[in-house]
Ligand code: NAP
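Only one chain is shown below, in structure tokens, and it's the form predicted on its own.
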């Protein structure tokens, strides 16, 4: 990477940021597309978030990614918010405009493009989400927009799942989402198998032997398992899905595609599937070091 007076800067704000793989993604994409772009992580303390946003704009940053814990907190400091991000209630990508930064959510479009890349269909499918936090809520909204047949949300605290059920069913004007307690899967009869999205932090490094549901019988109901965790590359959830005969995927490709969509918004470039595949291979190589 060569830096000169014409280099445009993008970055990531969050706390912590030391673990991020985003610089590797964006520098790879910049090299492949010939963009003169540098990408840096910026650790921002909670009380300095507004200063960080105004400072990034004053310093002429082309774009900014936002990670935990600021994806919702940053909203008041933006000049505009994309309708999808507004509905989700969180942004992870800021795009420079004449008025300030406009916020987008590329996480859910990134998940959808990752699933498409892996040949995983959503339209007309019965989908189950494990967890009922902010990520699960966003996933449920994406599934609704992409015409899933039904969405079941399983969570230890039923009330949190019910809140998502009520919200999305009201938006959709129909009964699409059903909230269930975590062990209510045992009440599901018949031979139906589900696309299951694991949307909790359970199983993330270093607690790699943990999984939300341990019973082997559950995994016989899973035809495709998507774990939004990417470290480790193969979680215990994924291992159990595969052992029961299903397909399983980690969240690394979602991480890649949310970055690709952000890069496209910042630069106007269109990233081909060939470049995306090469970028994914590079990420895998880095993870396996």
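Positions refer to the first chain, counted from 1. Keep in mind it's a predicted model, so treat the numbers as computed, not measured.
Although it is not shown, the form predicted in complex with the ligand is what the next lines describe.
Contact label in the predicted bound form: residue 248 to the ligand, heavy atom within 4.5 Å: Flag for residue 248 set to no.
Residue contact check: residue 103 to the ligand in the predicted bound form, 4.5 Å heavy atom: Heavy-atom contact with the ligand at 4.5 Å: absent for residue 103.
Contact flag, residue 174 vs the ligand in the predicted bound form, heavy atom cut 4.5 Å: Although the ligand is absent here, residue 174 would stay clear of it in the predicted bound form, with no heavy atoms inside 4.5 Å.
Residue 91: touches the ligand in the predicted bound form, heavy atom cutoff 4.5 angstroms: It does not: once the ligand is placed as it appears in the predicted bound form, residue 91 has no heavy atom within 4.5 Å of it.
Option from 202-210, 120-128, 82-90, 184-192 whose residues, in the predicted bound form, bring a heavy atom within 4.5 Å of the ligand: The contacting stretch here is 202-210.
In the predicted bound form, the one of 78, 179, 143, 136 near the ligand [non-hydrogen atom within 4.5 angstroms]: If I apply the 4.5 Å criterion carefully, the residue I get is 136.
Listed residue that, although the ligand is not shown, lies within 4.5 Å of it in the predicted bound form (heavy atoms), from 74, 168, 115, 132: Answer to the contact question: 132.
In the predicted bound form, residues of 220-239 near the ligand [heavy atom within 4.5 Å]: Residues within 4.5 Å: 228, 229, 230.
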